[in-house]
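The chain that follows stands alone, in the form predicted on its own, written as structure tokens.
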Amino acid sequence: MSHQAIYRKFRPKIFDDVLGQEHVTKTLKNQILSDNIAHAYLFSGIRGTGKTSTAKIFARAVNCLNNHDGNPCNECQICKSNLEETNMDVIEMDAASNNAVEDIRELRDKVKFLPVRSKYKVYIIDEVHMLSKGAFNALLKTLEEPPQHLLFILATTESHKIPATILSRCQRFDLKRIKSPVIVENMEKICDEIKVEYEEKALKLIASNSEGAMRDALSILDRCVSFNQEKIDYETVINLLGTVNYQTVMEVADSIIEKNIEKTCVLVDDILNSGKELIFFLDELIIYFRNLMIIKTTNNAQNLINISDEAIDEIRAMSDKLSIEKIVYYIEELSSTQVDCKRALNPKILLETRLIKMMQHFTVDMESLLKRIDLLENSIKNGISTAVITHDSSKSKHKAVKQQTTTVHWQDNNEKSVDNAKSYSPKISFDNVDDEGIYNAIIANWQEILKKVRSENAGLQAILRECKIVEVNNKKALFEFDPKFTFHINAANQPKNKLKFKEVLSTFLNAECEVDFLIKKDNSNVVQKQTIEDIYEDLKNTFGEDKVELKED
């Protein structure tokens, strides 16, 4: 006896065998039990999800002489003739090869005749979207006024190509992609039945490559069984699919994360020289980072990732090295590279170039970038230069803040000075304005001070938000910036801004108070910046040359 493909040998015989499509099979069974059969059905979905199998089961069930809970018995004369494909009342058509208007007109002439042995004459039209416009118009007339004995079952992978006039006359059922655990479980049962040993991770790899199509998974399984009839192991599946070993993918990903350019290039070269497809390799790498993202963002990764528990543990350990933003960046870059490699003349060189660029540069958080650019624009508009003044703040000592509340109420005077500047008459609740009192007053009313600075100069307020007071010495308030806020301390120490802040602070305290801005001592040397061109160079180094543009008025 000739070999029969596994997907045909184990094709579902009843509705209960159609896996992953319970929303469809349950509805059809209920319609059969209640004798509420429509005249036309449309089954849509990707390849290999059970459209044709469901159509064949339905064709048997509606005509079965001994129906069991909506399922065909597969033992009566009608069911057996259908299984043997000898029943003249069930006609299967392939619209891809019978798509002319003459074919549908011939069909329309035949549907008038009553079924020979069955209750319904059933027409199963596969890939119905391939019909021509004229053929659809010819079919429409039959669907509008069908005979009572007629049942149409249409199947398609591209329902959007079917005219709305046809869709509106059919009961439509969309078959979903089958989940990987369901596919794996079915393959395990088949392997047990045909007495073939298997590795679980090998079946999981087959399922992940089937993209939710059971037929694709069983076809791959059939190839593996033909290669080795004793056992289906992981390496066999890897070799037959032309994919990359998951451990190798993890090594490449780790070298990318560690920014090890030499190791990455060597690994990629070995992978491609071994005959693996570049596009498949990129696909595996993208899936790896996707798994990394899922593990880092969810607590239920096992249901969303089709890999072994050991691999999940390894990826979880790797996820601690990356932020979500960086993982997303890698996925986007690799996906873009995959698309470009498909049309590149030398995809290997393009891949190596993109990987090196990806390891040398990393995207900047957009919120942080916009904030810093906005600050720079405000600084330039206000004429702020960028001289950096460094100070060893390690010698500064914080004074203890007394547990007292200092409240300030600002009152605008009606009179205005010649330079149109506002003056304020503060009301302070402490009497002795010494260093400690100034320190405590600034601490207690810092947000109120920032509000008043904002009314005078919004850009200066944005700068001062990032500093904190460290001490007051001889009525000179010292404020400290973190070393990462280079632009902020540049702007804050500009004489114009220091004078403005001194005026606001002195008015608040009702006493003269000098101000100075320090930067925390850092191991790196602080380079002085004095021009807009220097700022431009600094921004290029920080964000990347392609992210910054200098425009001159």
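Numbers for residues come from their place in the sequence shown, where the first is 1. From a predicted model like this one, the values you see are computed outputs, not experimental measurements.
If you look for the form predicted together with a small molecule, you will not find it shown, but the lines that follow are about it.
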Next item on the list: Determine whether any heavy atom of Ile46 comes within 4.5 Å of a heavy atom of the small molecule in the predicted complex, and answer yes or no.
Entry: yes
Item checked: Partner contact for Ile286 in the predicted complex: the small molecule, 4.5 angstroms, heavy atom -> no
Checklist line | 4.5 Å heavy atom contact, Asn82 to the small molecule in the predicted complex | finding: no
Notebook entry, point to check: Taking heavy atoms only, is Val24 within 4.5 angstroms of the small molecule in the predicted complex?
Noted result: no
Checklist line | Residue (of Asn457, Ser180, Asn209, Asn186) lying close to the small molecule in the predicted complex, criterion heavy atoms within 4.5 Å | finding: Asn186
Margin query: Quick check for you: of 315-323, 230-238, 257-265, 210-218, which stretch puts a non-hydrogen atom within 4.5 Å of the small molecule in the predicted complex?
Written below: 210-218
